[in-house]
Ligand code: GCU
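Presented below, as structure tokens, is a lone chain in the form predicted alone.
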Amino acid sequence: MHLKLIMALLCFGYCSPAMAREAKEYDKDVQYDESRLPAYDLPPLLVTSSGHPVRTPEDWMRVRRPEILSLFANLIYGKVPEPATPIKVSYELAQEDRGFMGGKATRKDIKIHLENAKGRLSMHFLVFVPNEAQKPVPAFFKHSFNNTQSNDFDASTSRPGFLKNGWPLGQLLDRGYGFCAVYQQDLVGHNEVEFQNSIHKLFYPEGQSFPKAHEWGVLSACAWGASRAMDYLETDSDIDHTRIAIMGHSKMGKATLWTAAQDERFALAISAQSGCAGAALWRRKSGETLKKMVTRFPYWLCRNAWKFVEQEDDLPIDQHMLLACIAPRPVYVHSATEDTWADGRGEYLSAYHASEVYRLLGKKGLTSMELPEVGEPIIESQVGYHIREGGHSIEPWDWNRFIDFADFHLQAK
């Protein structure tokens, strides 16, 4: 396959198993051999920056967790600054279809308008509500690669119960869930390099035209947008905004974890093959490393992150600490055997080490450093995980496990 085509598809978060192998073969300077990965020591979760042990849930929630979130904001994803002038937010029901998918659901096309003296942007937020379920319903909320204004979100005519993008909306509706989606590029470009026409322009003070080194990159902008969509859900009586499972795949899996860590209104998080800057540990330097990420997508993270390229051991944080910041809310991590770029073992170890905080908060976490068997999901734990055969994608089997996890943690017992 032509290299330019491979890289273009990788940029958009898609990769078939064959492509994953080809991309791996091309990146010969990337380490995939488990026996040759560097030794590392993770930063301690339960010790504050001043060296004091964290012994109680109150110590974690009031002291250590805010410290960690501040470090991630300033060193990895970028901090959202105060806007130049207050941003006015308004909601518009652009369209409503009460007979969607043969009457199974009501589809709402919501315009979320954001404006101040610096400019105006809008997000196109989709909400699907099962017509037969008792309201308000819990819902899945997807950070989406698919444009919410495209026909990707029309009902498939060839596969009953599916959207044209292949997502099993009918199954979600049948199991009592609503479904929401926000498009990753409504507020910022996929690989933004100028930040002149993105949401950032509404935040610039006079004379600023580019984010400072500690200010938000693309992933932080996506997370901020998801929180504005959650603001809308708090006004929608059809959706139970206290039972929202946020999810995303690949780049959007990274954004999902950062969204859920910051915004405690999301009740559950699902990270699918998020890899570097998602669930995988930086210090393993396996698959997609920090160097690879800032080379290919330099502004997904803030510019401060560049300082740690090939110096990951100097970071005062690692990704297990991001997962821990979601506690005590449930988090689920998904890997695949052929998705070596995302470092499935690194994703699992991150979830394992984050479990230390879940236990402190009285919740169940992972208890073994060994990966579970392929195709054997861990569901009945606040920290869930599965690894399946195959490559970089969300398959029907994965969707079923995500719904099982949400059933266990969100549906009324």
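One-based numbering along the sequence shown. Since the structure is predicted, the reported quantities are computational estimates derived from the model, not experimental observations.
Below, we refer to the form predicted in complex with the named molecule, which is not included among the displayed structures.
In plain terms, the part of the chain that comes close to the named molecule in the predicted complex, with a heavy atom within 4.5 Å, is 247 to 255 out of 232 to 240, 247 to 255, 91 to 99, 261 to 269. With the partner removed from view, the residue among 318, 186, 288, 215 that has a non-hydrogen atom within 4.5 Å of the named molecule in the predicted complex turns out to be 288. Only one of 126, 133, 293, 112 comes within 4.5 Å of the named molecule in the predicted complex through a heavy atom, and that residue is 293. Proximity of residue 300 to the named molecule in the predicted complex: non-hydrogen atoms within 4.5 Å are present.
A residue is said to contact a partner when one of its heavy atoms sits within 4.5 Å of a partner heavy atom; residue 140 fails this definition for the named molecule in the predicted complex, lying far away. The shortest heavy atom separation between residue 224 and the named molecule in the predicted complex exceeds 4.5 Å. When contacts are judged by a 4.5 Å heavy atom cut-off, residue 179 does not count as touching the named molecule in the predicted complex. For the partner-free chain shown, just 392 of 368 to 407 comes within 4.5 angstroms of the named molecule in the predicted complex, judged by any non-hydrogen atom.
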